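For reference, the chain that follows is the form predicted alone, supplied as structure tokens.
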């Protein structure tokens, strides 16, 4: 069998119509197929490669760690330098109540850990999440993802999960002293980049504090500079009780974390011990890559121009085919008239060497989330091509 046959028959598929682009290599802003064709990666592997593909400092850190050790023991038993360095690095860039990190393998696992932490710490059972949210596909994460279509085939899910509407102030009264936690994306990603009002997140923070409810902010997509600040919550004058991160944390390597205070996190160490465990969480290779990744963002000051780049892209993509652009930093949802038109745009952009993507829960929109390293010249070039695609569909 050739590679495409193996891909279709021996590798499990997530949809009946995968893109099927066969990759030979990736570098910086570009992904190359086996025919040597270059593609602008304008989705960063879905908000992962914020510093571009294979940044030299990340590769150097990985190689250095390869020469010492890989996995030696499940998370939390041995002292491992890459884990220590990453914990210190996160401690330096996060607010003072977010001091203690638990490293896992993915965003969904980080959500699972955060939900368990909230129940254990508060002794409560109710979880509140938002309609149209997305937090992952494991059973717990799916339970708090507000998409009934995706949930229906996998019931029963977690009990005592209730949903409120993102940005609706009057629904915050549903948070009570029976609520263990509210889990919310600082900016709703899969719903099509739904940006909260300042007062909404501030009132949410106040309500959680008033009721003793833990506020879990999911910054899996928005973290590490994507929205124009290191974390999106910094733009809203609030701090969560638990922060969930992944995707862009590892510079292309698979890693996630949930972060809280020492007091809250310590409850996982007793009654019962091993309240959360993971074999490969905090893998030394991934932690080393994550440290280098954060260093690159800081040293190259990649967050500085994100707002300006985002505004320029938004202006350049304004077109008669476009109904609305929702944008914060370099995180975009571009609304078109129908799902069919959106599909055409994504396919024709791919033909022109530009990778865009759709949203699970917002099918008439397509997403853009280029690496923060994209230059102003590259922005003009790719936006010009996308507008040519718009013209072709409009004609």
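Treat the numbers as computed from the prediction; the structure is a model and nothing was measured. Numbering follows the first chain given and starts at 1.
Missing here is the form predicted together with ligand PLP; even so, the following discussion is about that form.
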Q.
If the cut-off is 4.5 angstroms on heavy atoms, which of these, 221, 227, 260, 286, is the one near ligand PLP in the model of the complex?
A. 221
(Q) residue 113 versus ligand PLP, in the model of the complex: is there a non-hydrogen atom within 4.5 Å? (A) no
Q: Classify residue 240 as contacting or not contacting ligand PLP in the model of the complex by the rule of any non-hydrogen atom within 4.5 angstroms, answering yes or no.
A: no
(Q) Quick check on residue 265: any heavy atom within 4.5 Å of ligand PLP in the model of the complex? (A) no
Q. Would residue 128 count as touching ligand PLP in the model of the complex under a 4.5 Å heavy atom rule?
A. no
Q | Interface segment, criterion being heavy atoms within 4.5 Å of ligand PLP in the model of the complex, picked from 185 to 193, 314 to 322, 169 to 177, 93 to 101 | A | 185 to 193
Q: Check, residue by residue, if 108, 134 and 247 all come within 4.5 Å of ligand PLP in the model of the complex, counting heavy atoms only.
A: yes
